[in-house]
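Okay, here we've got a single chain as structure tokens, the form predicted on its own, with questions on binding and movement later.
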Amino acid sequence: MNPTLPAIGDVIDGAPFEVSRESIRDFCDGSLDYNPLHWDDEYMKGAFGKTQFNGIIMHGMNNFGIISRMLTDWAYERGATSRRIETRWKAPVYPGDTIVPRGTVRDLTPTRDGVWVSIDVQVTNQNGEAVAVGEALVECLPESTPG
């Protein structure tokens, strides 16, 4: 078996991400999503701000981005390709939080050309609370090499 193929139960640790007002604002600029719940403290004090959020929050898609980075870094070393990511947001993320993505290989499905790797993904905050969960699919081509 190719040593670059993962095993069921393998854990993929992603890089911690420190959330700040600046990182949230940068994501507004990068995504062109200027929903005021991500940057306007005064708006969050109004009627909408009287929700459970109690202040500005990070974009949910930012979770998707750090999961994608984790998978890409992991897959690239294996000559593999990230094919699909699905996530659900479980809890808001605030400036000052540190979030960390993690993946666990759940299943390997041989195909004609390689192996589909199913991965359970999760992002947790500094309190160990899941802020995003989902699943991903990576295609490993057993004979491929990076670059």
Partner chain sequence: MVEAAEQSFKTDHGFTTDFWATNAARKSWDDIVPGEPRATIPYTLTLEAIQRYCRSVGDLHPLYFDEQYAAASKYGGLIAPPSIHILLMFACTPADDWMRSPGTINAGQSWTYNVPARPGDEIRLEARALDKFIRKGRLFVVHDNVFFNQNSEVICAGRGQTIRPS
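Positions refer to the first chain, counted from 1. Keep in mind that this is a model prediction, so the values were computed, not measured.
The form predicted in complex with the partner chain exists for this protein as well; it is not shown, and the discussion that follows is about that form.
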Partner proximity in the predicted complex: F27 to the partner chain, non-hydrogen atom cutoff 4.5 Å: yes
E86: touches the partner chain in the predicted complex, heavy atom cutoff 4.5 angstroms: yes
Exercise: V115 in contact with the partner chain in the predicted complex, heavy atom 4.5 Å: no
Contact of Q122 with the partner chain in the predicted complex (heavy atom, 4.5 Å): no
The partner chain: the contacting residue among A91, V100, L37, L108 in the predicted complex [heavy atom, 4.5 Å]: L37
Any residue of 68-84 that, in the predicted complex, places a heavy atom within 4.5 Å of the partner chain: S68, R69, T72, D73, Y76, G79, A80, T81, S82, R83, R84
